[in-house]
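Next up: the same protein chain in two forms, each one alone, written as structure tokens (structure 1, then structure 2).
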Structure 1
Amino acid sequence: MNTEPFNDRNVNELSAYYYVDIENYPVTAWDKFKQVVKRSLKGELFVGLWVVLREMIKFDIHTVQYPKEKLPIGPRYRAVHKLLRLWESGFERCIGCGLCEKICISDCIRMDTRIDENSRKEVTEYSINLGRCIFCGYCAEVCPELAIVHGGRYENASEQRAHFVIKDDMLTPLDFLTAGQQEEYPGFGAITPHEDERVTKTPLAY
């Protein structure tokens, strides 16, 4: 639906808003009587009856039978986090920089890193306490590698909170990646389309 007309809150002939036509209250007894007659004979009750009956006959049902059907959610929806992998190598994208841990305003990200045998920083532990997370999206936005992102999994009822938040749960499984099923995240903190064209060189001299 085009919401443009509704953004203009000023009532004018172009906007979708208009003043409701409210008549003045009747003063004289005759005016009052006329109003009563008008309202009684207009049959507004029957208009109401007709409207609901029409909807029943049209049978234009809008129910979404939730567990069976689901409405699509927007790409920017911020649900349970995911840790992504690099497409080519399958390595974890996370470089262990710790920015997400630092920025998290609920202080609910906890990670542990070590230097592995290739002198590469490896993330050994990564967990998000979803009981505290407010799904603000700062972690996804601050992550330089698009490693921690928000997924679309909003059904987070479980026996234990921990079921969502251990690194193994969040990380894309390798077979998933090789099957090409890791979805790039278009939402919060992701690179906007045509980003390359918008990049301008920083001038060397001011």
Structure 2
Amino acid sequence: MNTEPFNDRNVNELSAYYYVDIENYPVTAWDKFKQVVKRSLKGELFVGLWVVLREMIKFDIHTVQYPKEKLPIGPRYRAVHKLLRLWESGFERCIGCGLCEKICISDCIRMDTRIDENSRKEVTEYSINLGRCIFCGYCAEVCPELAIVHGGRYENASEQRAHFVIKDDMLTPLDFLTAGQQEEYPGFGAITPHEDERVTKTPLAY
């Protein structure tokens, strides 16, 4: 690209400038009327009207009929959280390690655990205050069991604050699991598709 014209900063050469022919602003009513007629006869007004009419009579409307229709979002989009279950037993994947609660920078995750009769840790309460959550995705990245991921539900508006801390809304229902409706890659934090084919070495080989 030739940059010589840009390097020449001699502003004394008036011949290099292009002057725009600006008409005087109309003052009287007759001058204003002549200006309107002159601009209308040029055709810009009718061109604009034709563009609007052409778009109105088209049948391939691109308007999304929300909320009946929703635009697809990317699989790595960080939307409302989801708590997944195990395919084999249907139990929750969460082991109560508390890493998501510790790494949460907005301090919106609350977890309560206890030791059950089999001497195993059990998660009794798990809540995420979506009113404070900034959807950074740290909780999904740090989870060792892939128990919490970001799903595809991005409408989290509610009239009550209690709606933002309900665990049952995030946990996959058991009937969804038996029907095979729980996807292994529903959102940010889960394993990427075809991950088994990409693993060619053992962890000790890296």
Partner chain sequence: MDGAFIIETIVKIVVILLVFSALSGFGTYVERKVLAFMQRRLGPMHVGPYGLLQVAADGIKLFTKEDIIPQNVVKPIFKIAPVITAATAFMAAAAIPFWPQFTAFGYTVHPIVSDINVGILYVMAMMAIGLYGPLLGGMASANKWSLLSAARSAAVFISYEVITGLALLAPLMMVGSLSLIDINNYQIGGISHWIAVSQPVAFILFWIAAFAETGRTPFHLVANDHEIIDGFGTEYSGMRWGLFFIGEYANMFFISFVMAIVFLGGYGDGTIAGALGLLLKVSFFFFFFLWTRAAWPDVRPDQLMRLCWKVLMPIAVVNVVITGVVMMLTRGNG
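Counting starts at 1 with the first residue of structure 1 and goes up one by one along its sequence. C-alpha atoms forming the largest set that superposes within 1.5 Å between two forms make up the rigid core. The model shown is predicted, which means the values in this text are computed figures rather than measured ones.
> Of structures 1 and 2, which one represents the form predicted alone?
Replying inline: Form predicted alone: structure 2.
> For residue 44, is the CA shift between the two structures at least 2 Å following rigid-core superposition?
Replying inline: After core superposition, the displacement of the residue 44 C-alpha between the two structures reaches the 2 Å mark, so yes.
>> After a rigid core superposition, would you say the CA of residue 26 moves by 2 angstroms or more between the two structures, or not?
In response: Yes, shifts by 2 Å or more.
>> Is the shift of residue 153 between the two structures large enough to count as movement, that is, does its C-alpha move by 2 Å or more after the core is superposed?
In response: After core superposition, the displacement of the residue 153 C-alpha between the two structures stays below 2 Å, so no.
>> Using a rigid core fit, what is the CA shift at residue 53 between the two structures, in angstrom?
In response: So the C-alpha of residue 53 has moved 7.6 Å between the two structures.
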